[in-house]
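What follows is a single chain, given as structure tokens, in the form predicted on its own.
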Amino acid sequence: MSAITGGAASVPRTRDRESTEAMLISAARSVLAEVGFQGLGINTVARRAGCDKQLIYRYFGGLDGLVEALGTSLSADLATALPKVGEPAATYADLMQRLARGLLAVLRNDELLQRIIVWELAEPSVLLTKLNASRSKALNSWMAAQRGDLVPPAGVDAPAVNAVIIAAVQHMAISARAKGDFAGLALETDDHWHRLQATIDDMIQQVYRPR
């Protein structure tokens, strides 16, 4: 039996909870990608997964819990996609270059993540805030694992600078998907992206150079 068609009593005893949760998260991701955040609901996800909606309440406590689990799954994908460099970064600037390059590469190839960021800006909600928090946690975890003892130069407001870098990377990736350029800068070919990346690298090195 591959789907649950009745109530809780029809759930096969041998069904593995972990695989069922993964199936529901996958269904939620699919719905989100196809119809957008406004179409993400208990009934829609249950239909896509081919199971009883009561499983969502049983395993996740409802839509909020499912969205939290989806955010964790998406963030795990992001954390996996970011570069894991064995050799420690020589400077804090090098560390931020790695983050900018990795995030840019991820965003260029992840349309769903781009759309989630747009929804967070255009249609803020409690559920979208949960997705944003999960993504921020993944980025912070990556930084903590890669940073070691590195610290930014004295006198540099690193949180503000890093926020600007991440915002720029996100906006460039979203603009490229939407119209192929930003402020007259073409973002269609690898050469265009190499030009952008070189500029970001230079800016990072300049702002984080030792005082």
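Numbering starts at 1 and follows the sequence shown. Quick caveat, the model's predicted, so the values are computed rather than measured.
Heads up, the form predicted in complex with a further copy of the same chain isn't pictured, but that's what we're talking about next.
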**Residue among 118, 79, 112, 105 with a heavy atom within 4.5 Å of a further copy of the same chain in the predicted complex** = 118
**Message:** Considering non-hydrogen atoms and a 4.5 Å limit, which listed residue (150, 161, 143, 42) is close to a further copy of the same chain in the predicted complex?
**Reply:** 161
**Asked** So which of 22-30, 62-70, 47-55, 172-180 is the stretch with heavy atoms within 4.5 Å of a further copy of the same chain in the predicted complex?
**Response** 172-180
**Request:** Classify residue 132 as contacting or not contacting a further copy of the same chain in the predicted complex by the rule of any non-hydrogen atom within 4.5 angstroms, answering yes or no.
**Result:** yes
**Touches a further copy of the same chain in the predicted complex: residue 189 (any heavy atom, 4.5 Å)** = no
**Asked** How about residue 202: is it within 4.5 Å of a further copy of the same chain in the predicted complex, going by heavy atoms?
**Response** yes
**Prompt:** Quick one: is residue 88 in contact with a further copy of the same chain in the predicted complex, heavy atoms, 4.5 Å cut-off?
**Reply:** no
**Request:** Residue by residue through 31-56, tell me which have a non-hydrogen atom within 4.5 angstroms of a further copy of the same chain in the predicted complex.
**Result:** 37, 38
**Asked** Closer or farther: the CA pair residue 39/residue 130 in the predicted complex, versus this form, with a change of 3 Å or more?
**Response** farther
**Complete:** What changes in the predicted complex is the Cα distance between residue 38 and residue 130, by 3 Å or more; the two atoms are farther
